[in-house]
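Here you get one chain, nothing else, as structure tokens; it is the form predicted alone.
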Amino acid sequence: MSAIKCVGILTSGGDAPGMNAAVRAVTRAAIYNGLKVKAIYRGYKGLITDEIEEFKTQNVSNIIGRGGTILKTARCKEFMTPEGRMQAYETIKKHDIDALVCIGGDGSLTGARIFASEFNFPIVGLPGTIDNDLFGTDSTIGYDTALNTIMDAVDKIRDTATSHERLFFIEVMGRDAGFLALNGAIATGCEAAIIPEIATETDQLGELISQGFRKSKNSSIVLVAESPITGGAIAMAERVKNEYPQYDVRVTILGHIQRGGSPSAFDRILASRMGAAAIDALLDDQRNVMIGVENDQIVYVPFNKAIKNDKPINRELLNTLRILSI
């Protein structure tokens, strides 16, 4: 039987829809198993500033459908230093916290891995990021909701693009990952998606133009993943203006609208399953792992693999998009 009596929970990095559902699941699964729960506000910063509160089951009532995170989130430069992490560890000991559940993206899990190794401390991570860029899980918490937000926005932009016979470049989040752009393009019937994973292999914009992508259409929409590799939607539009001035080009950057909103049913269920699994993992003496879902089954992914391994794009989806955009 595990010696864990008290679990700390925090959300870190960029917020993602479904984080509250995960907080709820971790809290209630811990209480169900006889554990105390300490909520840590503002991510790793809260460990340094001692913003910690004990949570009971009522603290997480009616939050499953709320966007953002009730625990707040913050960047914390102090936690990147050995001195800051030592201060965080002292706070953990002060509150008798025996293990942590960290909900966040690759940066947050990187911090968790370093902290866990320095202090031999049990940490389980949940993949909370709209980017879907963590290796070892088919989907991350927040990705499905962000994809649906993109779909709704692009559907609306399609109305005006058609009315004015324009070429729209729409920039979506994802940092260096093209999952939102590629699947968003398929879901909205876009003509193309420009993603960083293949930017070094082919001139995606040149290929798009050369195929005569407007021969049978009076408007076109291209989703562009925000990335230094792609240059983003503005760079794409500037290139079209310079090289193909015959096109009437517009740019829309969806920005932080993609992070907000009530989580989808898929994200609520995913976060609930992962949150409960995090407590199961700790009680099973698992540590330094991220909870993932592969082929609808819960899996434990070592932090090193989740963070360091690149999650590959499904190349069949690229071909599907090309076929359906004629």
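Everything quoted here is computed from the prediction, not taken from an experiment. Numbers for residues come from their place in the sequence shown, where the first is 1.
There is another form of the same protein, the form predicted together with ligand F6P; it is not shown, and what comes next is about it.
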statement: Only one of 144-152, 130-138, 114-122, 243-251 has residues with a heavy atom within 4.5 Å of ligand F6P in the predicted complex, and that stretch is 130-138
message: Using a 4.5 angstroms cut-off on non-hydrogen atoms, would G174 count as touching ligand F6P in the predicted complex?
response: yes
task: Determine whether any heavy atom of R75 comes within 4.5 Å of a heavy atom of ligand F6P in the predicted complex, and answer yes or no.
output: yes
message: At 4.5 Å between heavy atoms, is D98 in contact with ligand F6P in the predicted complex?
response: no
- prompt: Would E226 sit within 4.5 Å of ligand F6P in the predicted complex, counting heavy atoms only?
  reply: yes
- request: State the residue from R28, K38, K45, R259 whose non-hydrogen atoms include one within 4.5 Å of ligand F6P in the predicted complex.
  value: R259
